[in-house]
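The data below hold one chain only, encoded as structure tokens and taken in the form predicted alone.
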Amino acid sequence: MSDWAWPDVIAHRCGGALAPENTLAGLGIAARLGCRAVEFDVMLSGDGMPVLIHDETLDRTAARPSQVARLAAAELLATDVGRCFHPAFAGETIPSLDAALQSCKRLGLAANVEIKPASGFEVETGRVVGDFLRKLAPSRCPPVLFSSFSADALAAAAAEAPDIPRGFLADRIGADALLTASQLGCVALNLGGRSLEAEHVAEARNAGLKVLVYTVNSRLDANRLAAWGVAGVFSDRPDLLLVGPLT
């Protein structure tokens, strides 16, 4: 994948099911398990800061009926998203993209930065995230792969940071997904595993794309995908997969 030796197991949303999603605690757990790469979601706060969160609201992760795009960064960064996961993680808050990348750099983790724009903020989110990465000093930046379900967001990020490799996210392979990945200059196609078949992997590879698959939590499934030529899998249970190379 460009000059990046992509590992075959990527911790989903920082630490998978073993920590509050999209948190620094998750990154720490992933590193201790032996992960060499993580994936996390990035959205903009109301005042334009990229922060780690998956949903457009705080209902699920913080039990607060608030819209992320309407809250200032300072309030989001102080929001406890640990307690809803487990009392042991009480006080774990939403991190900024900057803090997450610094942590990845320190822990030796490559980062799949999924650009996850709130509805209507696709281009702006991609632009801000791309601009941030372009300006980030190499000493503070781990290897990064951009990905997104939004072609507009991915294109905007690419315009700001063209040297960062890209992966287009799709539920399943199809002519549209392959065309979009090609038009965006992607190195990877990140696909859902539910309806994936060996011929789909071959089709993507024949188009010059690496295939990364989400979300894979079984060693048996991961080995089957590796045999098909999949380059890596996103997992909520990296602890079950990191017991040797996938075969």
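Bear in mind the structure is a predicted one, so any value in this text is a computation, not a measurement. The first residue of the shown sequence is 1; numbering continues from there.
Another form, the form predicted in complex with a small molecule, is not on view; read the next lines as being about it.
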property: 4.5 Å heavy atom contact, R166 to the small molecule in the predicted bound form; result: no
property: Non-hydrogen atom contact H54 with the small molecule in the predicted bound form at 4.5 angstroms; result: yes
property: Exercise: D41 in contact with the small molecule in the predicted bound form, heavy atom 4.5 Å; result: yes
property: F149, heavy atom within 4.5 angstroms of the small molecule in the predicted bound form; result: yes
property: Heavy atom contact within 4.5 Å of the small molecule in the predicted bound form, the stretch among 134-142, 112-120, 82-90, 155-163; result: 112-120
